[in-house]
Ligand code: DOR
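Given as C-alpha cells, the chain that follows is alone and in the form predicted on its own.
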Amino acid sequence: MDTPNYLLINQAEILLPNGELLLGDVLCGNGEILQIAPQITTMPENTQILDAKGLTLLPGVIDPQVHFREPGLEYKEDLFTASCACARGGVTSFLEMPNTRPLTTTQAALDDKLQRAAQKSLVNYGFFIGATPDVLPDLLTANPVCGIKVFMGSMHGNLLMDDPEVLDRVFAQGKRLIAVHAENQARINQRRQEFAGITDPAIHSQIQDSQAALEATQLALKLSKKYQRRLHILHLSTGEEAELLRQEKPAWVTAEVTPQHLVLNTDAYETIGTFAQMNPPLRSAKDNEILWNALRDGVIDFIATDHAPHTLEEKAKGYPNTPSGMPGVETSLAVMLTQAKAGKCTVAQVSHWMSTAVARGFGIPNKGKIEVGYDADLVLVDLVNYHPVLREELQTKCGWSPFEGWDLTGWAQVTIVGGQIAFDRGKLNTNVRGQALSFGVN
C-alpha cells in the first residue's frame, strides 16, 4: 500500500513563529505545511492521522555542524547511522564538514557525498567544501555548498590553514560564506611541547587554551572586516571570544555554540575522562555562564552539535593518543529543552537557536518555522516526562554519549521529514529519505 500523501498532526501544542503556543492541528501534504488551525475537520480521504495529544510541535532541528565520517571513516559513523541518530534526536537537516577521506575539496568529492546521502540519509543534508593552502578553484564554484570550511587550527592535515597570508587570500576571493574552526595552531604546538608527557586528559583544555581560541577568532574577525566577508565562527567556546564579539561583531558575522560548551566544563574530565575531550576543549564554569549570556543576548546566533564520533576503542587509548570529539545529534534537542525547563531559557528560544536562526543564517528556504507553505520538517517532543540517556538506545554507530545517565526531558517522540514520519516513539522508518538542501548564502 502506498504511503499516504497527507498527514494530519492532531491536537499538538504548536510553537508558532511569533513564539506563542496554539493547541491545534497541522495538515501536511506533498512535503509542505498546508494548514494550521485549532481544529481541522476537512481533509483528503487518504490522510494519515497522528495523535499528538500532550506533545509539543516544533520546527525540525537544523544542525549546522556535524562530522558524519563518510566516505573513508565509516567504522566510526556513516550517513545512514548518523541520519538515524538525527531522526531519533529531532534533527531533520544537517550541514556536514569536509574532513572525510577523500577530503571534500572538489566538485567531484561533493557530488559523491550528495549521491551517498540521497541513497542513505533519512533526513535532509548539505555539505561544506574545505579550503586547503593551495586554494583549489572548486572552492568558489562547487555547488550546492553551504559554505567554505577553514580549519585555522587543531591539526587537520591538508585542511590546516594556519598561514595568515593564505587565509587573507581565501577571504579576499568571492563572497561565499566562510566558517572557521578558530584555534591558533602555532600556540597549540608550543603548548603541546610544554605539557608533553602528561596523560591526564584534563591537560587538553590547557594545551588548547582560551588564548589559542581568542587569537584565531581575532584574526578571522579582522579578515572578515577587511573584506566585508560573511563569516561564521564555529563552536565558540570561551568567554573571551564571546566578549570580543559583543564589542566588535559586524552584522554579517554569525557564531554558534554547542550544547556541551554550555552544560559541560572541565569538571567533566574527572567523571568521563577522554569522553570529555573535544576541539575546542571544554572550558570553565565561568565560560559556561558567559556563553549562556551571549546566546540569550543574540551575540551568539545559533546552536550546533559538532557531532564528531569516535569508537569506544579509540577513546580508551589514553591521552594524548585519544582522538578529540563526541557525538551529539541524538541528545542536543533534549539537552537544550531540559535547560529550558530548568529556567535557563525558553522553549521558543531553543527552537529559534536550533531551527529558525540556522535557516536564516545559511539562507535555507522554507525551513525553520511552522508556517503554511514551509516544508513539513517537524518534531513532536514530550516536555512533561523525563528519560535518561541510555547507551543501549543510541542510534549513533559509536555507541556512546557524554551525557549517558543524564535525565532529560524534551525527547523527540515523532520526527517528520518532508511530511513523512521518520521516527515514531522509538521506531525508525528507514525507508524515508531526505532531500539535498539549497542555500541562499552563495
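Note that this is a predicted model, so its numbers are computed, not measured. Each residue number is its position in the shown sequence, starting from 1.
The form predicted together with this ligand is left out here; the points below concern that form.
Picking from 103-111, 340-348, 274-282, 131-139 the stretch near this ligand in the predicted complex, with a 4.5 Å limit on heavy atoms, gives 274-282. In the predicted complex, residue 324 approaches this ligand with a heavy atom inside 4.5 Å. Of the heavy atoms in residue 369, none are within 4.5 Å of this ligand in the predicted complex.
Contact check for residue 99: a non-hydrogen atom falls within 4.5 Å of this ligand in the predicted complex.
When contacts are judged by a 4.5 Å heavy atom cut-off, residue 235 counts as touching this ligand in the predicted complex.
Checked against this ligand in the predicted complex, the candidates 255, 308, 263, 203 yield a single residue with a heavy atom inside 4.5 Å, and that residue is 308. Of the residues in 50-71, those that come within 4.5 Å of this ligand in the predicted complex through at least one heavy atom are, in sequence order, 65, 67, 69.
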